[in-house]
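There is one chain below, alone, in structure tokens, taken in the form predicted alone.
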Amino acid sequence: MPVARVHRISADSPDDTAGLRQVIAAGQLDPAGITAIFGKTEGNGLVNDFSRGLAVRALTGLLEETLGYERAAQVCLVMSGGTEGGMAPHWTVFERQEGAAGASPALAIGKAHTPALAPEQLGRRAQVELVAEGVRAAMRDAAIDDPADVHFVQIKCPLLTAQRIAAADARGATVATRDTLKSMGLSRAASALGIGLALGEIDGSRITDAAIGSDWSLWSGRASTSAGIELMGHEIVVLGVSAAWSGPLAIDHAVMADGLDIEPVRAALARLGLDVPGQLPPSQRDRIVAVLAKAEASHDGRLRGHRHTMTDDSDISATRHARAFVAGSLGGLIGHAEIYVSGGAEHQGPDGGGPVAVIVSRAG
């Protein structure tokens, strides 16, 4: 019976694989079982964030050393740039092993890779449908039949560069935007709507090209998407619960209405057996395996009736402000800041808010 294991490993730099090598050498992690690695790297999280590519190169090198080229290529590497504020750079490594039947249902992990996306498809309905099919494939890989049992879907999606736009031009195709930075938001948006479509959260008839990145009434409460220069397909990881899996790990999720809205997260913790009125004490904090979240500055420039300047700052991108803000809010609840917070939450939770997933070790 499959058993999920999750390892959170600190990183001293975007190419620091020493901690991962150490747990492998100690026999605490079998590289053959690695399904996906989520990374928080200390770049700017924008188009020219080379920390993501550096991390992918370092991790790929380690995986190829231990698994060989073909098997290493099957691991989903989802790098999210930007560790603003107190957020700590780290890796979250998802491992699938076979074991004796234990507590069930339990955390289940599924993955899928989509074919490469044509540049002119980015940010359009074609990307939505490609992602939706990929999410369904990842659910099958996780043995999750009911979309209600999915608690978080993480996708690494592509973005446009000048070269990719030129390639579309040469074919006589028209891209959704010629602004490479805006292409990140459109790609995240279309990917998030694909998740919502696959999980039955969004009526597919409402997803039009015009709605992508503009109709904020359309959103998924379990979507997390991150755009990067390092790929043209999509790397999809589904996290949920399945009776086909057993083990010590459990997962739940919440949706923050805004960057201050930690009470739904506290409620999710309570459902997982961590019910405290304030910040988690060390005894309960140690049961937290991973916290995965999305962050977004509201488009109307308001936060609970007061003006914020995240979208008006010409020096620092709003996504960087939002990551630091939400990491601080969640860190105050969890008691540490080794949290995976990804910026840019287009259609990922309500405008200004975002989904949060918590993975914990069961009591006892």
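All values reported here derive from a predicted model rather than from experimental measurement. A residue's number is simply how far along the shown sequence it sits, counting from 1.
FYI, the form predicted together with a further copy of the same chain isn't displayed, but the following is about it.
Inset, instruction - Flag this candidate site as yes only if I262, D312 and R320 all have a heavy atom within 4.5 Å of a further copy of the same chain in the predicted complex; otherwise mark no. - result: All of them do, each having a heavy atom within 4.5 Å of the partner.
Inset, instruction - Name the single residue among G247, G221, G185, P89 that comes within 4.5 Å of a further copy of the same chain in the predicted complex, judging by heavy atoms. - result: That would be P89.
Inset, instruction - Look at the stretches 271-279, 111-119, 136-144, 247-255 and give the one with heavy atoms within 4.5 Å of a further copy of the same chain in the predicted complex. - result: The contacting stretch is 271-279.
Legend entry - Non-hydrogen atom contact T177 with a further copy of the same chain in the predicted complex at 4.5 angstroms: T177 belongs to the contact set for a further copy of the same chain.
Inset, instruction - Check whether A32 has any heavy atom within 4.5 Å of a heavy atom of a further copy of the same chain in the predicted complex, and answer yes or no. - result: The answer is no: A32 has no heavy atom within 4.5 Å of a further copy of the same chain.
Inset, instruction - Report yes if any heavy atom of S10 sits within 4.5 Å of a heavy atom of a further copy of the same chain in the predicted complex; otherwise report no. - result: S10: contacts a further copy of the same chain in the predicted complex.
Legend entry - Partner contact for L63 in the predicted complex: a further copy of the same chain, 4.5 angstroms, heavy atom: No - in the predicted complex, heavy atoms of L63 and a further copy of the same chain never come within 4.5 Å of each other.
Legend entry - Sequence-ordered list of residues in 327-351 near a further copy of the same chain in the predicted complex, where near means a heavy atom within 4.5 Å: Residues within 4.5 Å: A327, G328, S329, G331, G332, G335, H336, A337, E338.
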